[in-house]
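The chain below stands alone and is given as structure tokens, in the form predicted on its own.
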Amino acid sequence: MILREHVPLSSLTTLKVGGLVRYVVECASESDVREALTFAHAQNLPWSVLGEGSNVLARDEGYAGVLLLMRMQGCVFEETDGSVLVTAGAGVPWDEFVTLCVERGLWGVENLAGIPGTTGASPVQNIGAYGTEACDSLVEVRVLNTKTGEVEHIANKDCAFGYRESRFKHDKTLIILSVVFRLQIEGSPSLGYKDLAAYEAMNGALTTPKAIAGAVRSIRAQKFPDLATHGTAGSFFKNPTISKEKYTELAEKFEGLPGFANDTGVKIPLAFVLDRVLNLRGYTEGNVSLFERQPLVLVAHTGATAHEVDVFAKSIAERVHDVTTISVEREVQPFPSKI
């Protein structure tokens, strides 16, 4: 394993904020993970796990513990019964994984192209975009249970998946080592979202996974800032689901409010509220702002601190609640969380 000391969390997370980590260990294998845990125990220090840091708000005070960076690589493709099982190491960058799949003409993850982070992190948030979620094609997650020391294979049905939810988000004793997806050799486009439909109308039919992935990346490039130049974690808040009665009330008050019925109520796009109701597109306080092309995206500018980001996000949530009485939740999680 590769061990480093006193590494800034700002260099390990896409929001580019956060203090120093006492030890950082790059884990390229299961044995590296076990060795890192042994090291943490010997030092009598807490430990935590990180992929590419694309969905976390690191703390200004840093982390006086051992941080395991998941760097396991490799994808194995196995054809079976008209579909393909793909096993990916936890450290494989998610968009590289999507590229490998769509280049083979496989269906199932093309609508998730362009999402930052690692494949191992994809089940944690149950990443989703344009009508597709990771859980739609995920078969199982291979984890190291740090309580027992055993490697377990957790089936889809036992992952407690929900909207940006899973058991892995809350049970930090399970370290994801690899993920298995079942992708289809034969499939059909899922183009129900208006952005994709509009792209197809302008650029021609999207008939292959590769073409759809390319379209999604192009659309995302117009909505999200460049991670190379901006501190951001993408969509900072979840889109809220409200009751049908509440939706009817708000739709009468705010003309054009979109709503998408689901099993628990009606999901509304928070970006509409931030933009069309509150006029917060591009809103800035100090070193933090809402992105001018997509107000659901929070941007931490040079010099921003985690405290600034936190205060800014709280103020945005309060504004939403004051006008709509909706309590919004964050997609982005504080880091590190407690074991």
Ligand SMILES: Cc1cc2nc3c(=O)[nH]c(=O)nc-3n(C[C@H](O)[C@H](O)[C@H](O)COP(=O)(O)OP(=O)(O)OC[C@H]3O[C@@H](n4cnc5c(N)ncnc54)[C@H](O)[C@@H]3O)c2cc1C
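Computed from a predicted structure; not experimentally measured. Start at 1 and count along the sequence shown; that's the residue number.
Omitted from view is the form predicted in complex with the named molecule, to which the following refers.
- Stretch 115-123 is the contacting one of 77-85, 97-105, 115-123, 262-270, since its residues have non-hydrogen atoms within 4.5 Å of the named molecule in the predicted bound form.
- In the predicted bound form, the named molecule sits within 4.5 Å of a heavy atom belonging to F224.
- Interface membership of V109, defined by any non-hydrogen atom within 4.5 Å of the named molecule in the predicted bound form, is ruled out.
- The named molecule is not shown here, and in the predicted bound form it never comes within 4.5 Å of any heavy atom of P209.
- Though the partner is left out of this view, K246 does not reach within 4.5 Å of the named molecule in the predicted bound form, counting heavy atoms only.
- A heavy atom within 4.5 Å of the named molecule in the predicted bound form is found for one listed residue only; from R167, R182, R220, K238, this is R220.
- Think of it this way: in the predicted bound form, the named molecule has a heavy atom of just one of V288, L296, V56, A36 within 4.5 Å, and the residue is V56.
- Taken together, the three residues S10, V17 and V66 all stay farther than 4.5 Å from the named molecule in the predicted bound form, as judged by their closest heavy atom.
- Residues in 239-263 all lack a heavy atom within 4.5 Å of the named molecule in the predicted bound form.
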